[in-house]
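Presented as structure tokens, the chain that follows is alone, the form predicted alone.
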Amino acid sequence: MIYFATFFSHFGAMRYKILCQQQQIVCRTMPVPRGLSSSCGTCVRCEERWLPVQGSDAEDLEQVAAWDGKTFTVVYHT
């Protein structure tokens, strides 16, 4: 499964990517796919799993959506 995390700021996306990499989650930053909305236009694409965050690390996280190859399903929303 592929997960797309969207953010309210570019800084939030970059911080989330670093947190994911520290947990050995394969991820990369990219423009938000057209099927999702985002305040900043940058998302983090995670392979196989995503990282739930709390506290100040979660402030910029808008949503996480799973992509099954055809549709997005929101699995987390602020």
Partner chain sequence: MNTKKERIHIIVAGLIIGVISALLVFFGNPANMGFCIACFLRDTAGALGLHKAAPVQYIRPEIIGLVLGSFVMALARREFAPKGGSAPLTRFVLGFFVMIGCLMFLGCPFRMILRLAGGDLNALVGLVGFVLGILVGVFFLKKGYSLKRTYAMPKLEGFLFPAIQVVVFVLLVVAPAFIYFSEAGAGPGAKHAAIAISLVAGLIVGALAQRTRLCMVGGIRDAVLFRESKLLLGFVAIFLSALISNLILNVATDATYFKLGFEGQAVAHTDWLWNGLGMLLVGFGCVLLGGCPLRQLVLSGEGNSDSAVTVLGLVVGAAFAHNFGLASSADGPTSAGKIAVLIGIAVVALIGCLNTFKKKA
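Residue numbers count along the first chain shown, from 1. All figures in this text were calculated on a predicted structure; none of them were measured in a lab.
From this point on, the text means the form predicted together with the partner chain, which you will not see here.
The partner chain in the predicted complex is not approached by Ile25, whose heavy atoms all lie more than 4.5 angstroms from it. Remark: Phe4 counts among the residues lining the partner chain in the predicted complex, judged by a heavy atom distance of 4.5 Å or less. For Leu19, a non-hydrogen atom is located within 4.5 Å of the partner chain in the predicted complex, even though that partner is not displayed. The partner chain is not drawn, but in the predicted complex it has a heavy atom within 4.5 Å of Ser9. In the predicted complex, the partner chain lies within 4.5 angstroms of at least one heavy atom of each of the following residues of 8-36: Phe8, Ser9, His10, Phe11, Met14, Arg15, Ile18, Leu19, Gln22, Thr29, Met30, Pro31, Val32, Pro33, Arg34, Gly35, in sequence order.
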